[in-house]
Every structure is written in C-alpha cells, then in structure tokens.
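There is one chain below, alone, in structure tokens, taken in the form predicted on its own.
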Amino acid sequence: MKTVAVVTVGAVAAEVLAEIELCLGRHFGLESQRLAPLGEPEFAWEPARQQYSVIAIMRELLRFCPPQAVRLLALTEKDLFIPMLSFVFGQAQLNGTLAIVSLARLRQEFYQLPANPPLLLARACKETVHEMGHTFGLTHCLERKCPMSLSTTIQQVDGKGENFCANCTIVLRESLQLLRSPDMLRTEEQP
C-alpha cells in the first residue's frame, strides 16, 4: 500500500492530524504514516517579516521523507511566506514529493474571531487536498468550488469545496494510476 508520510513542524493538535489523515484516505486513497514531530523551525524565522520561510522549511523537510512513502505532507501552526507573497496557506512541489500546509491563517483566531474547530478542520482539509493535488500534477483550477482553485484570502478558502471538479478528477486519477502501476508508463513509452 502506498503511503503518505505526515509530519508536524512544531506542535499541531492531535484532532487536526487525525482529520488530515482521514482526508488523505478519502481524496487520494492513500494511507498515512505519522512521523515523529519536528522541532520548532527557528532556522526559517524571518525577523523583518515576523513569519517563517516556507522555502527554508521545505529544504529541511526533504531530508525526512521515508523511502517507502510516496509523498511527505507537513503541517505547521507557523505563518509561512514566500518572497513574492505576503503569506501562503501552503506550498507544494508540482509533480514532486513534498507538500506543506500552514494552519496559522486558517484559524478564526488569526482574524480576531472566536475559535471554530469544525471550520478549522474543514479549511485544513481543503488546503491539504489543494497542496497534495499539486504533488500529483494538478495546477490551479478556474472552477471556484474545486479545491485546486487559487486561494489568496480566507474567504476564497471557505468558498471552495473539498471535492475535485471533473477535469481535476481525471488528471488526479491518471496520476494515481501511474503511481500504483509505474510499469504502465514504461510500457507506453516503448515503440
């Protein structure tokens, strides 16, 4: 069985981890393997921005993917950025191994609103599906309800659904089929 290794960067609540593991099975048909949590990513702290560099964290995470895992998903409570954007909800390697999701701006408390645990879990699942979708070759989708649509605000996250649109479903199925039967790719490439 193909597995996704799940790791936290710093502390993440157990109920969030459990929901994300269910989400991975529901949307990708993959089992998850929880890794020991990583420490606080002080090496990625950017004092001028008061945020953490997702690029620095991803560089470090690449060393932790177990050989039997097909993907590595990291979760963190840290507020992440890339140089060209003020923040990111997550980041992933397109057709790669690694995806990371930040819970910081998915929490109602970030917007000075009362905590809403069910809403946090729903948002975390959508962003996990989005970032994991990138690792399976999916790019941003124009369908606003598709989890692969681009989210630059929390309202856009809330406007998305959890299920892929028809076009993204086709691409994902092909990618998952190749993952499960890598010999198919070699057969198709032969003359």
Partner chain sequence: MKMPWEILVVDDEEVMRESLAAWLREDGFVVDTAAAGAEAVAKARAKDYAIYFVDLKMPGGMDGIETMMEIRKLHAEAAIIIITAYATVDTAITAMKEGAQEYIVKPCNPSEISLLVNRIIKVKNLQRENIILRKKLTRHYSFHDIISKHPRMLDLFALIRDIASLRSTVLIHGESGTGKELIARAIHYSGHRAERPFIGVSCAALAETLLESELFGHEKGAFTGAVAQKKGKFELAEGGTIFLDEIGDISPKLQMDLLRVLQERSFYRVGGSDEIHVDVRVIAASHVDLQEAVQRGTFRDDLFYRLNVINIHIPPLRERREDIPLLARHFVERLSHELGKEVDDLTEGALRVLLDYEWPGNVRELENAVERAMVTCRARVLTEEDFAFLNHNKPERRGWVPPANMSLEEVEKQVIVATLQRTQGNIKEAAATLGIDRSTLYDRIKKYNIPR
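Numbering follows the first chain given and starts at 1. Since the structure is predicted, the reported quantities are computational estimates derived from the model, not experimental observations.
Form predicted together with its partner chain: not shown, discussed below.
TODO: Consider T97 of the chain shown here, and say whether it contacts its partner chain in the predicted bound form, taking contact as heavy atoms within 4.5 Å.
DONE: T97: no contact with its partner chain in the predicted bound form.
Discussion item. Whether Q112 contacts its partner chain in the predicted bound form should be assessed with a 4.5 Å heavy atom distance threshold; does it?
Written reply: Result no; Q112 lies far from its partner chain in the predicted bound form.
* Asked: Does H27 make contact with its partner chain in the predicted bound form, using a 4.5 Å heavy atom cut-off?
  -> No - in the predicted bound form, heavy atoms of H27 and its partner chain never come within 4.5 Å of each other.
Any non-hydrogen atom of I55 within 4.5 angstroms of its partner chain in the predicted bound form
Looking in the predicted bound form, residue contacts with its partner chain include I55, since a heavy atom lies within 4.5 Å.
Check your understanding: Pick from 64 to 72, 162 to 170, 27 to 35, 130 to 138: which stretch has a heavy atom within 4.5 Å of its partner chain in the predicted bound form?
Key -> After filtering at 4.5 Å, what remains is 130 to 138.
Heavy atom within 4.5 Å of its partner chain in the predicted bound form: which residues of 144 to 161 meet that condition, in order?
The stretch 144 to 161, when checked against its partner chain in the predicted bound form, contributes L150, T152 at the 4.5 Å heavy-atom cut-off.
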